[in-house]
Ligand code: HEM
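Below you'll find only one chain, the form predicted on its own, shown as structure tokens.
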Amino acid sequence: MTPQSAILPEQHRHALFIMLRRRLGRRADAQLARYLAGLPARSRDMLASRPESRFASAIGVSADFWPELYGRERPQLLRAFPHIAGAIHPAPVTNTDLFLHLRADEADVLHDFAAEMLEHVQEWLEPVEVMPAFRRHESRDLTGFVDGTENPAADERAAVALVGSDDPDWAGGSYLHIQRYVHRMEAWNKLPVLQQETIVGRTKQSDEELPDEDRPRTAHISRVVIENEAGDELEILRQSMPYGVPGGDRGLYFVSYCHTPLHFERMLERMVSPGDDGRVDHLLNFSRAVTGAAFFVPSIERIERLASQMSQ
């Protein structure tokens, strides 16, 4: 099965993130399903017409909306964004049904593709959020630290991000989680660099992890780098990007793909809720989540099958 094109590539220069929800009283029908089924082909056409843009796309479906498109067929672990018990920091859940992830090295193709898509689905769906994002120098977040340093490399990206033989009917798909974080930039920029590094758990300039003896359990790295009982690290493929404008909200649009939702859920729990060690992520004192949603991103073949599936 073929994964949707936005999942695996290294970062592009620009991204556009779009959350959509059903209009009141509307349900998915064959007409909407046919349009969604055609999105991978439209994505290929956009890339063919503008190859220099490296255009890529992915569309994800929420657990709540899933039955309207696929009926009783569903990935084994499909579920809603988690409610974290005992959370000290906010981990809000956003009411949304579809997520469109667009990526390119030229921003205008993102606008054109999204504008056409939103026009065609406006009878059934309305946008919850449309957020452009951008890549900074050296892939640094607005905090000044390199983002995505724990990402798998090369062929490991597919092994981490894509469902495989454990759920063969949905192989090539991926569990997607998103959160939009708003950074408290003024407060963050007032901190000495050494304090910032202690909060993140990495050096700012050379991008090296702090030694274990110098890295507190409240450091961001300490909360999200987790090993299972066999000593293997729980990995996700991050496709996050900075967003915002000077003088307005600025932050990180967190995006992760994985072959299971369990890895993200465990990381989020350790960030926001004190567990056995009684600690949470101190980076969240300076960055607040304002959205949260979970989706499954089917393979291209399973998306394209919607055209005939809804007509049966």
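Residue positions are given as counts along the sequence shown, with the first one as 1. Please read all numbers here as calculations on a predicted model, not as lab measurements.
One more form of this protein exists, namely the form predicted in complex with this ligand; it is left out here, but the text below deals with it.
Report whether the minimum heavy atom distance between Gln179 and this ligand in the model of the complex is within 4.5 Å.
Gln179: yes, in contact with this ligand in the model of the complex.
Please determine whether Phe264 contacts this ligand in the model of the complex, using a 4.5 Å cut-off between heavy atoms.
Phe264 belongs to the contact set for this ligand.
Please check if Arg135 has a heavy atom lying within 4.5 Å of any heavy atom of this ligand in the model of the complex.
Answer no; every heavy atom of Arg135 is more than 4.5 Å from this ligand in the model of the complex.
Taking heavy atoms only, is Met271 within 4.5 angstroms of this ligand in the model of the complex?
Result yes; Met271 sits at the interface with this ligand in the model of the complex.
On the criterion of a non-hydrogen atom at 4.5 angstroms or closer, are Phe145, Gly148 and Arg202 all touching this ligand in the model of the complex?
Yes, all three are in contact.
Pick from Ala58, Leu36, Val61, Leu252: which residue has any heavy atom within 4.5 angstroms of this ligand in the model of the complex?
Flagged contact: Leu252.
By the heavy atom within 4.5 Å rule, which residue out of Met131, Ala91, Ala158, Val224 makes contact with this ligand in the model of the complex?
The option sitting close enough to the partner is Val224.
Tell me the stretch among 167-175, 91-99, 107-115, 215-223 that has any heavy atom within 4.5 angstroms of this ligand in the model of the complex.
Only one stretch qualifies here: 215-223.
Quick one: name the residues from 234-250 with any non-hydrogen atom within 4.5 angstroms of this ligand in the model of the complex.
Ile236, Arg238 sit within 4.5 Å of the partner.
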